[in-house]
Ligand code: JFZ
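Okay, so here's just one chain, in structure tokens, the form predicted alone.
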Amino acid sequence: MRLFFTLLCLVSLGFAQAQKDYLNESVQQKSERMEWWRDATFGMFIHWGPYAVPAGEYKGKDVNGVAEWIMHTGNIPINEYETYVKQFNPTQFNAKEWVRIAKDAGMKYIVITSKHHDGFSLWDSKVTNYDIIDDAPFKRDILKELSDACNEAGMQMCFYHSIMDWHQPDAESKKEYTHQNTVAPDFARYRETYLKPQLKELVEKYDPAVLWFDGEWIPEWTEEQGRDLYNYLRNLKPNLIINNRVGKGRAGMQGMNLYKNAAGDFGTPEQEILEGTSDTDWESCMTMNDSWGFKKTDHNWKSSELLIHNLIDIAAKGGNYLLNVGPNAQGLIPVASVERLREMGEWMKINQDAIYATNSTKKYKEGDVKYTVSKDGNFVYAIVTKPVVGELVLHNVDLKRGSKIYMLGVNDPLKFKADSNGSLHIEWPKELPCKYAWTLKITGSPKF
């Protein structure tokens, strides 16, 4: 067995040496590859797996923390956790309905957990039987159905994948993530014979637009391994986008890189939004309540207004918003999530021009106003997040001579005047086209 593994590693090393180096692509090459993602701005995160069965409860008691970590936080042995897999039969799952909900909300891409830390795979993997086809009663390839639905709807399909794996003996961490492992772990063997082959399956079978890694904080994983994996995957699919959790570069929940040239294409702030703009691509992933996976006792829902304001804030700072839903064990997205996404979609139908394919500006806010700029630089969008009485005064826009100011969703131009300092005094309309925030489209440019 050792001889076989040694030969496998040598073959893998030889392949790696023959690979093209994608770690040193030019700024222009990266910009072309990242363009669709930057323009998309808004995506859906989906955390779903056998942890939806206990839904945050173990032995009749609520387990503290997020639902998808219940195997660890509840200290559930592997053989006990596997009983949830045998019960995971989401007969109400409808891929087209999920995609419709996301698209109607204004989302442009979906990122779903192909494998979370519990090690269970949501597709028909040939590397393991611990998957939705071989070990669960459902017997349907979830990732294929979602990929097909996304392709049909013009959405980008993307996959989250955990580097850490609580089910694989060779992947057991040396520290706090042990689950009754009785075999000496061999992480290199796990990486070469399990992790990489599964990722190769995902890329070749489903052609994801993004691979979104997590679980990279375990001591066995290194930046060198992350760089190798990044380059391995880009050689499989050159236009693939990969987050910065592929290596060891991210700085905690703030998610941006600790050092230059860290592996990965974008930063990953978690449950927070950057305080300002960044020269690095970034995406803020956030929940609607407190848990990522479905937890039946978690009713701490954020309001639609807050979610819309988060989207505005992130777009104004030049980032992407990856907003999570945690479907239940039957395969249904919670009603509270659907209701909020519907309201976001209603707002986006009117105001989408200020969100998609826009750029940030150095001075991205002014009081209760957030600014974005069209890609061609011809328009400034001033998104007002609190009601205005009488007139709105803007100081940070240079208006082009003869141009007009419109509120998105209102047909007639707004009345305004410019004072001697160049500030714009805009008469606020009595009837507004939407709730929570309102966008002014101005032909001009930001002053800063």
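Not measured: the values here are computed from a predicted model. Throughout, we count residues from 1 along the sequence that is shown.
Not pictured, yet referred to below: the form predicted together with this ligand.
This chain is displayed alone, yet in the predicted bound form one of 340, 370, 245, 295 has a heavy atom within 4.5 Å of this ligand; that residue is 245. This chain is displayed alone, yet in the predicted bound form one of 228, 135, 270, 124 has a heavy atom within 4.5 Å of this ligand; that residue is 270. Although this ligand is omitted here, in the predicted bound form all of 47, 217 and 252 have a heavy atom within 4.5 Å of it. The stretch among 116-124, 203-211, 340-348, 309-317 whose residues place heavy atoms within 4.5 Å of this ligand in the predicted bound form is 116-124.
Contact check for residue 416: every heavy atom lies farther than 4.5 Å from this ligand in the predicted bound form. Residue 69 belongs to the set of residues with a heavy atom inside 4.5 Å of this ligand in the predicted bound form.
The closest non-hydrogen atom of residue 109 lies beyond 4.5 Å of this ligand in the predicted bound form. Although the partner is absent here, residue 160 is a contact residue: one of its heavy atoms lies within 4.5 angstroms of this ligand in the predicted bound form.
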